[in-house]
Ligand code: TYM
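In structure tokens, the next block holds one chain alone, the form predicted alone.
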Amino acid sequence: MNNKKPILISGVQSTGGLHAGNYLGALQNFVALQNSGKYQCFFFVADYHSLNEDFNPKEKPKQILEVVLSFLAAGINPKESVVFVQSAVPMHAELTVILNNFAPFGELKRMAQFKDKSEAAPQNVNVGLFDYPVLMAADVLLYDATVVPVGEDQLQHLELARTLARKFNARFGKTFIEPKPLLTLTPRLMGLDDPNKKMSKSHPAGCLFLDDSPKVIKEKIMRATTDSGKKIKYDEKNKPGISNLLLIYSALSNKPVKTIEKMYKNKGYAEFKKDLAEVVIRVLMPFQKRKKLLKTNKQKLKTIIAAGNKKAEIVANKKIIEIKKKIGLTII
């Protein structure tokens, strides 16, 4: 790896099967950033972040492995990028504890994601959910990342990381780089069964999982909610169902929505949905084949993960030593 390149870091939570939104919003983008040759990329499984929701400990190892498999199957190359598991590098938790002492309580309280998730699941308002942005800041600052690919929903969290970096630097001297966002212009996919709600694994019927079989993909898309009338036109307000399907078609086929509208000008919903299912199947088939092949070589997977964890830990350990010296925690 070229250590002179700016460092880029991003993670994906291990909370169950990944879906089309994850593919377009994260995996596809990660591969493009890696292949651009502009960055030294670190991609990690955010398994600590996944603990603030209800989870089954027996399922967690499988979920972690699923994210690594998805990284590799999508085209992330462990020879070019560092692929690692967050919990295997203890400095993430260590830096979170340190940064907690500089994180403004009021700012964390105002975080949109905390408020949204607290309202959606009032029985599960835990400190991990509240502290999520500080852990995210630690994930980024620990590696001197200059850029972080994020969607608009994560901009508020990244701004907190920048705030913490500034506060720390002002008090203890230049230690952290203030990371800049690299906005990912990916569509916000909505549920196939409810186009007014974001596509989510918690609603399997409306979610296109990356591991869905061709049969299941066809069934889900043919059952997808559409709108009154027959016109295939993008109109988010009046036709949210067909607009969502047009976004999925456009993102996976690399065709502008306007082009797709013209293609189906005098055609019905059934034909459009049938063709969309074929597009989804065609795009996901190579990914699914690579993933299936990777699963057969568990030893190779273990080697890749162990090597990535070691590379990440070397960088993180060097940084945490520097931080501890700055705040007076080093006596030897």
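One rule holds for the numbers: they count along the sequence shown, beginning at 1. The term rigid core refers to the most C-alpha atoms you can superpose between the two forms while keeping them within 1.5 Å. Values in this document were obtained by computation on a predicted structure and should not be read as measured data.
There is also a form predicted in complex with the named molecule; it is not shown, and the following applies to it.
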Requested in this report: Look at the candidate spot formed by Gln28, Lys255 and Ile260 and say whether the named molecule comes within 4.5 Å of a heavy atom in all three of them in the predicted bound form.
Outcome: no
Requested in this report: Would you point out which of 33 to 41, 46 to 54, 260 to 268, 281 to 289 contains residues with a non-hydrogen atom within 4.5 Å of the named molecule in the predicted bound form?
Outcome: 46 to 54
Query raised in the report: Is there a non-hydrogen atom of Asp153 within 4.5 angstroms of a non-hydrogen atom of the named molecule in the predicted bound form?
Result: yes
Query raised in the report: Within a 4.5 Å heavy atom cut-off, is Gln13 in contact with the named molecule in the predicted bound form?
Result: yes
Query raised in the report: Taking the shortest heavy atom distance, is Gly21 within 4.5 Å of the named molecule in the predicted bound form?
Result: yes
Query raised in the report: How about Tyr132: is it within 4.5 Å of the named molecule in the predicted bound form, going by heavy atoms?
Result: yes
**Report entry** Among the candidates Lys230, Lys233, Arg223, Lys198, the residue which, in the predicted bound form, approaches the named molecule to within 4.5 Å (heavy atoms)
**Finding:** Lys198
Report summary line: The listed residue (Lys180, Arg188, Arg110, His203) that reaches within 4.5 Å of the named molecule in the predicted bound form by any heavy atom is Arg188
Query raised in the report: Is there a C-alpha shift of 2 Å or more at Leu247 between this form and the one not shown once the rigid core is superposed?
Result: yes
Requested in this report: Superpose on the rigid core, then tell me if the C-alpha of Ile177 is displaced by 2 angstroms or more between this form and the one not shown.
Outcome: no
Query raised in the report: After fitting the rigid core, is the C-alpha of Cys207 off by 2 Å or more between this form and the one not shown?
Result: yes
